[in-house]
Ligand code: HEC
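Consider the single chain below, provided in structure tokens and representing the form predicted on its own.
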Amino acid sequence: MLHFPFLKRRSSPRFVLAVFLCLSGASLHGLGPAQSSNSNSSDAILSGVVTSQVEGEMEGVLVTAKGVGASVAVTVVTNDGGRYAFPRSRLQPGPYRISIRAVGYDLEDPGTVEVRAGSTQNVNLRLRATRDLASQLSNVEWLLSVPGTEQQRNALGSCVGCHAIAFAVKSTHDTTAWRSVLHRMRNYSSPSFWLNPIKWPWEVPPRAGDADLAEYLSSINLSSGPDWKYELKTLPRPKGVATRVIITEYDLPRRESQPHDASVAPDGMVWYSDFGLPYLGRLDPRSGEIKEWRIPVARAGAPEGSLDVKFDREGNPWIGLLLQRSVAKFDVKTETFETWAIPEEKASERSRAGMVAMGPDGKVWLKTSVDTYGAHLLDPSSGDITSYPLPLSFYGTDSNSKGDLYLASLSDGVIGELIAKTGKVTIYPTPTPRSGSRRGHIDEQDRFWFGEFFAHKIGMFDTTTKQFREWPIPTPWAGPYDAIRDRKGYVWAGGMHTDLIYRLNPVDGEVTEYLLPTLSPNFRNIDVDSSTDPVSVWLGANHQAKIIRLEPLE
């Protein structure tokens, strides 16, 4: 199929797939003011104390209630007295199953819990030492546990793009088998994950050093016996402020979904892109309804996943179609797509269009990376595309109030600036060399907040003064992927390795780390709805087919 700079296509409504999730027994979230999740408040509809023989009353235990047959789960965290409490506004009457997350412990099953209107159900929970600690370890806990150099463990950490580290360390591959496995995995594309492997359309040869990596991986897995020859290490549970939070998880209708990006529209709807499959989805937080629309093919034979979700002035979502080398707009009124292709002469077979940024004048920035580096400014009203060459590969992008483009370079650890009126490109190295600047957002003061994936820091570049600041995250291998500032001045980020969401106070550098209830969710981008009280932090669990909402209560 040929593509031209001004090509536009409109899809038919027949591409639409609509799914309404069963919400029996689950609440419709956010309909009332939030209450402290671990207080003794009479507002609680379900509460109790969590204890174990070893610790007694346990702080920092995540307690999750999910209605029987439901697709929405609500989680609260125990306070320093071991008490948990679900606000009445968060659970509807009905039968619930209770689960917990507390590394090193399992729940003595209390059975089905019946929540009744007009009363508080008290259910005390008893935990016992787990017999299978390995099944509870997060990616970062495996990285802390395995022996090896930092370089070797970083190589192991790269597994998380497609699957949890547990897959590797629980395997029984010897060195010879690992060489074959590594070659096979090199040929899976970046949107792949363990439930939906997608091959590159070309052959990828083995890398130099794969033989050494194979030997290392066989030394830390179960190839030589049923047990690991090293101690399994764990992170501490949440304490203090990190326990005062409500977390809501929405299951998506397809388990193979990869909600890489979850972004909040001006009307409060949450839209998500699918990294591996051609769908755009929408979650209504008020009702729990999820709808999905199939994205039309823009380039036959290329992988069909998408990346990023941004909104134009009418509230229509835009997404990058990656190896489809196109950008798509979804019209929320007509429920149809329009696509624009990257100019053929500005792309190669391996180029991908992964990110979009919205200018204040209604124009849309898109970007190509891999083989050809370029930024492209689309005028949707005419279809005209103005292309600007870039000197290196960039990943995340956003536009400031002047319409200028700011870009984060994962490979080079720099911030790029492209002035829209002149096309001038300036490169600003981050204070920490090779920081792995990945994704970011411009705030209302035209400051670009971004995650420093390799430096394990949150960075800020002031687009007016051209000055940087950086703040470290305390947990090892924190790997902030993205960063965004809320209306109170806090900056939020998440990590692919840690199952933690970070809240930074830039004034004093304090970082609060909120643990999520689902193991190995694989967070990528992050967004904040500052119109709610408390603010709502939204993420896609890229490997667990969930949309997650986090509400800090302090």
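Owing to the predicted nature of the structure, the values given are computational and were not obtained by experimental measurement. Residue numbers run from 1 along the displayed sequence.
Note that the form predicted in complex with this ligand isn't included here; everything after this is about it.
Heavy atoms within 4.5 Å of this ligand in the predicted complex are found in one stretch of 101-109, 377-385, 441-449, 152-160, which is 152-160.
Screening 347, 265, 123, 213 for any heavy atom within 4.5 Å of this ligand in the predicted complex leaves a single hit, 213. The contact with this ligand in the predicted complex, taken as any heavy atom within 4.5 Å, belongs to 192 out of 316, 393, 89, 192. In the predicted complex, this ligand sits beyond 4.5 Å of every heavy atom of residue 471. Taking the partner from elsewhere, residue 179 is found to have every heavy atom lying beyond 4.5 Å of this ligand in the predicted complex. Using a 4.5 angstroms threshold between heavy atoms, residue 329 stays clear of this ligand in the predicted complex. Residue 197 belongs to the set of residues with a heavy atom inside 4.5 Å of this ligand in the predicted complex.
Although this ligand is not shown here, in the predicted complex the stretch 162-188 places heavy atoms of 162, 163, 167, 168, 171, 173, 178, 181, 182, 184, 185, 188 within 4.5 Å of it, in sequence order.
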